[in-house]
Ligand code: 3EB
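Below you'll find only one chain, the form predicted alone, shown as structure tokens.
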Amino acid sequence: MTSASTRRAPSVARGTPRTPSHLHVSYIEPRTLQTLLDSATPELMAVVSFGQPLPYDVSCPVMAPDLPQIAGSPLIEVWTSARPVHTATDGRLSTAMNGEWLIGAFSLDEPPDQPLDALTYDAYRAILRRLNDSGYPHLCRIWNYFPRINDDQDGLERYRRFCVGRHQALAESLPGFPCSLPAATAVGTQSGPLQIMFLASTEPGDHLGNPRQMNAYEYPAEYGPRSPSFARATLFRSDQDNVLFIAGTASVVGHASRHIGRPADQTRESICNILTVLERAGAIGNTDFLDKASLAMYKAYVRDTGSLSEIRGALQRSPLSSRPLLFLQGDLCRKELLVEIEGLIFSE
């Protein structure tokens, strides 16, 4: 099992026992989920199962995107809390809250007569209303999954339609837009509905750019009617520790895709982008996010399973090689991109 935690407790005097983790993230084997369900603590906040249905019924938000795991033993992602958790479900939107953090899952089937931009707009408006009503107004991480991401829909690529709807909803309802945009991922599934998982807090984080890349929300019009609405990373700081959410990161420098058709080179460029973000976040948070004492988890989304060996080889020869990494098959936001990497790092 591999895991990472976030703690946002007030600082304590030297020698005083640390406050238990308020939010914990693990990759576990599906068969061990029952042990968590039978335990009084910690409490479940969310479960994500990739490419396969969840084997048990749970009361917390659940995501099951059709993104098959393509290496290693099957794992599921489990978010738990040492604090009491309150859950709520309203139609296709479910949330779990522990007083500091809110995790939510939204799933919406696509009607044949409704374009993806309109569906995405409705989904994000519903999510933002729930966050405001619940008292967790600060978005810190979003995952977006939907099928046929690179297909054309009425003259516009579906990813670009998604960006139009997301931009409209966030521009209307997110205070501080676009500087308050959180880290995010958008990946194409093999099937299924539009699924959005989101993490929000009662306190704001620092939303970061990457000096090697143009802010995604400032991309030129060649990438669609509305730019992608996300930050390269979101950093949460406290007196005791820091947690860094790294957005889906690909082989993009400035705003242009690099190393077309070369998966190993694209992986190395993606890693270079991640290392740059880690350096910037470390300077802001006064910490070393590559330190071996930090807890880190990564996901690599791979377009073509035939590229897996090259992508894995490039990662194994990188500073990220010692970290847990989940390989998933999914389509990416640009047809020429072959790999995208995201991360979660907890550092004291």
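Only a predicted model underlies this, so the values are computations on that prediction, with no experimental measurement involved. For every residue, the number given is its place in the sequence shown, counted from 1.
From this point on, the text means the form predicted together with 3-(2-carboxyethyl)benzoic acid (3EB), which you will not see here.
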key: Distance check, Arg166 to 3-(2-carboxyethyl)benzoic acid (3EB) in the predicted complex, heavy atom within 4.5 Å   = yes
message = So, Ala250 and 3-(2-carboxyethyl)benzoic acid (3EB): in the predicted complex, are they within 4.5 Å at any heavy atom pair?
response = yes
ask   = Using 4.5 Å between non-hydrogen atoms, is Thr185 touching 3-(2-carboxyethyl)benzoic acid (3EB) in the predicted complex?
value = yes
ask   = Gln213: heavy atom within 4.5 Å of 3-(2-carboxyethyl)benzoic acid (3EB) in the predicted complex?
value = yes
request  = Among 224 to 232, 189 to 197, 99 to 107, 75 to 83, mark the stretch whose residues have heavy atoms within 4.5 Å of 3-(2-carboxyethyl)benzoic acid (3EB) in the predicted complex.
outcome  = 224 to 232
ask   = For this chain shown on its own, do Phe50, Ala64 and Leu328 all sit within 4.5 Å of 3-(2-carboxyethyl)benzoic acid (3EB) in the predicted complex, going by heavy atoms?
value = no
note = The one option of Tyr159, Phe245, Tyr145, Tyr136 with any heavy atom within 4.5 Å of 3-(2-carboxyethyl)benzoic acid (3EB) in the predicted complex is Tyr159
ask   = What residues, if any, in 314 to 348 have a non-hydrogen atom within 4.5 angstroms of 3-(2-carboxyethyl)benzoic acid (3EB) in the predicted complex?
value = Cys333, Arg334, Leu337, Glu340
